[in-house]
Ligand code: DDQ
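Next up: just one chain, as structure tokens, the form predicted alone.
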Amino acid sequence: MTGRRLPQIAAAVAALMLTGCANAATNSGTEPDVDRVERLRVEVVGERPHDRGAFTQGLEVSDGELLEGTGMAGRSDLRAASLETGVERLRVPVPEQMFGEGITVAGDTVWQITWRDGVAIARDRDTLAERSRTRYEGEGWGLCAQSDRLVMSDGSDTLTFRDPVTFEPRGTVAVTLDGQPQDRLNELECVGDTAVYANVWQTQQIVRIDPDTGRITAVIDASGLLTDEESRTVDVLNGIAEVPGTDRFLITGKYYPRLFEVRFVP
């Protein structure tokens, strides 16, 4: 009787093994892991000089110009320079000793926020002249623009969506990395409506965020851009600007001697 059962037992064992192998294949990557966080690095493809006196708070490319907002009370400003030559066309101060923070372009308006002053300044895109001001609650850190809304950071793990005309809040999203809150979100760069890049304050990391879910989809290592000697005389990495129509970005930092043109690569 035992001998007659051996083929049946062997067949059952073989079936279980095949099932296990199929499950293992499925779990090993034959189906995409939608929750996987990419680990990327920067590939430097070019460099250009950067003002060593600029406490960089916001960076954006617009209509062939590089716009840069700087901070520090009494020394904050907004600058517009040729992207091709680096020649500065215009520079305007942030008024009343306010501490400038992130900037972004929305239509014919440049928005510039402030750190603890609770003031957002709407400026003319061409002249950079102030048009109006509006107030908001809390701190201002980074700012970028999607097609129909602004995205703002305040140093926490929360991004706030705002109306691009009135600056009124429209909602928020909590940012997470592997399910855990990711705070210290600083300067922002919106790429289309599907990704927001953010400097993480006091680190050499940039994160890519899905603005609809708040989930971080990539962590980018931006270390090694400066020499050891240069690193001793600068502040933190801050400033991300997409170069339109390319896969490249401009990145720099507060008091950095250079602006780096980079790709984010595996």
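Residue numbers here begin at 1 and follow the sequence given. No experiment lies behind these values; they were computed from the predicted model shown.
Same protein, other form: the form predicted together with decylamine-N,N-dimethyl-N-oxide (DDQ), not shown, and the subject of what follows.
Would decylamine-N,N-dimethyl-N-oxide (DDQ), positioned as it is in the predicted bound form and superimposed via the C-alphas around its site, fit into this form without 3 or more of its atoms falling within 2.4 Å of the backbone or C-beta atoms? Open or blocked? This form leaves the site open.
Against decylamine-N,N-dimethyl-N-oxide (DDQ) in the predicted bound form, would residue 101 count as a contact residue? Criterion: heavy atoms within 4.5 Å. Within the cut-off, so yes.
In the predicted bound form, does residue 167 have a heavy atom within 4.5 Å of decylamine-N,N-dimethyl-N-oxide (DDQ)? Heavy-atom contact with decylamine-N,N-dimethyl-N-oxide (DDQ) at 4.5 Å: absent for residue 167.
Though only this chain appears here, would residue 199 touch decylamine-N,N-dimethyl-N-oxide (DDQ) in the predicted bound form if you measure heavy atom gaps against 4.5 Å? Answer no; every heavy atom of residue 199 is more than 4.5 Å from decylamine-N,N-dimethyl-N-oxide (DDQ) in the predicted bound form.
My question is simply whether residue 115 lines the interface with decylamine-N,N-dimethyl-N-oxide (DDQ) in the predicted bound form - judged by any non-hydrogen atom within 4.5 Å. Yes, contact at 4.5 Å.
For decylamine-N,N-dimethyl-N-oxide (DDQ), considered in the predicted bound form: do all three of 48, 83 and 249 come within 4.5 Å of it, counting heavy atoms only? Not a single residue of the candidate spot has a heavy atom within 4.5 Å of decylamine-N,N-dimethyl-N-oxide (DDQ) in the predicted bound form.
Contact assignment for decylamine-N,N-dimethyl-N-oxide (DDQ) in the predicted bound form, among 76, 182, 160, 186, heavy atom within 4.5 Å: It is 186.
Using a 4.5 Å heavy atom cut-off, which residue among 105, 173, 72, 90 comes into contact with decylamine-N,N-dimethyl-N-oxide (DDQ) in the predicted bound form? Selected option: 72.
Given a 4.5 Å cut-off on heavy atoms, tell me which of 93 to 101, 174 to 182, 191 to 199, 143 to 151 is the interface stretch with decylamine-N,N-dimethyl-N-oxide (DDQ) in the predicted bound form. Stretch with heavy atoms near the partner: 93 to 101.
Residues in 51 to 82 with any heavy atom within 4.5 Å of decylamine-N,N-dimethyl-N-oxide (DDQ) in the predicted bound form: The stretch touches the partner through 55, 57, 72.
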